[in-house]
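The chain below stands alone and is given as C-alpha cells, in the form predicted alone.
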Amino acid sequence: MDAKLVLTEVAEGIGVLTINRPESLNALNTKVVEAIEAALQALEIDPQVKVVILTGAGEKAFVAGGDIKEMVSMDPPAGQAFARRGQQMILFVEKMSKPVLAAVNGYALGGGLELALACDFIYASEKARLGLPEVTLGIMPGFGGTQNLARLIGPNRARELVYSGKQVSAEQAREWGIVNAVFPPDELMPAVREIAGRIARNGSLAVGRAKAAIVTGLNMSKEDGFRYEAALFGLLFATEDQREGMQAFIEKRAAGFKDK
C-alpha cells in the first residue's frame, strides 16, 4: 500500500480514512483503489476501531471520479478488469463488520459517488455535488453504481441520474434519499465525528450484526430476512455485551461494552 495515497488515523474508537490525491481531486486509479482497500482491511481488523469515516483530502472533492488518464487507453478486457477491481473494493466496504460513514466534502462523481454509496450512510457538505457522469465520457458506471443507486432511490430516479450524467446539489441528493444530512463545510467533519462517536459507544457486536442483517437481508425475500434477523438476534444472547447492556439498563448506569 502506498501510504501517500491514503491517510489513516484512529482515536476514540473512530478510524478516519482520507483519500489523499487532492491535486487530482482524489481521482481513483488502480493504485488508489488498492490503497483504499488495504487501509480498510487494516481498520477492519484493528480492535480499537468501532466505526470508520471515509473522506477526501482538500476542500474541493471527496472523489471526483475515475482517473481518466489511466482509463483512456484501456481496451475492453482492461476496462472490465478495472470495473471488477473497483467492485471488489465496493463489496469490501459493504461487507465490513464495522459501519462506514462517508463525509462528502466536495465533488462525489462517478466512482466517488459509487464509493460513497457503498458506505452505510452519507453526510455531505453544502458545497458537495454528486452524480454519475460516465455517459458524458462514452462509458457507464462500473463500480456498482447502476445497482446500488437503483436499490437506494428506486430505478426511475437512478435512471435519470445515470442516463443524463447530470450532477445534483447536496440538498437535492438529501431530498432524493442519497444523502442523510447536509452541513456547512466547516461543520461537516465535527458533525460526522459526533455521530460516529455515538455509534462507537454502542456494543460493536450488536452494531455489526445489525449491519449484516440489513446488508444481507436486502438480497433476501422478506421472510428469509426475518429468519436471518432472528438468528443474529439470538446469537447476541451468547455475548457478554448483551448481559452487560441489559444489566446496565436495569441498574440505570452506562454500559461498559467489551466487544465479547
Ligand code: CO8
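The numbering used is simple: start at 1 and walk along the sequence shown. Only a predicted model underlies this, so the values are computations on that prediction, with no experimental measurement involved.
Omitted from view is the form predicted in complex with this ligand, to which the following refers.
Participant: So which of Leu91, Ala181, Ile139, Leu152 reaches within 4.5 angstroms of this ligand in the predicted bound form, heavy atom to heavy atom?
Facilitator: Among Leu91, Ala181, Ile139, Leu152, a heavy atom within 4.5 Å of this ligand in the predicted bound form occurs only for Ile139.
Participant: Considering Met71, Cys119, Met96, Ala158, which brings a non-hydrogen atom within 4.5 Å of this ligand in the predicted bound form?
Facilitator: Contact check passes for Met71.
Participant: Is Pro185 close enough to touch this ligand in the predicted bound form, meaning at least one heavy atom pair within 4.5 Å?
Facilitator: Because no heavy atom of Pro185 falls inside 4.5 Å of this ligand in the predicted bound form, the answer is no.
Participant: At 4.5 Å between heavy atoms, is Glu37 in contact with this ligand in the predicted bound form?
Facilitator: Glu37 lies outside the contact set for this ligand.
Participant: Looking at the partner-bound form in the predicted bound form, is Tyr123 within 4.5 Å of this ligand by any heavy atom?
Facilitator: Contact with this ligand, no.
Participant: Contact with this ligand in the predicted bound form for Leu101, defined as at least one heavy atom pair within 4.5 Å: yes or no?
Facilitator: No - in the predicted bound form, heavy atoms of Leu101 and this ligand never come within 4.5 Å of each other.
Participant: Picking from 46-54, 231-239, 202-210, 61-69, which part of the chain touches this ligand in the predicted bound form when contact means heavy atoms within 4.5 Å?
Facilitator: Result of the contact check: 61-69.
Participant: Would you mind checking 124-138 for residues with a heavy atom within 4.5 Å of this ligand in the predicted bound form?
Facilitator: Heavy-atom contacts to this ligand in the predicted bound form: Pro133, Glu134, Leu137.
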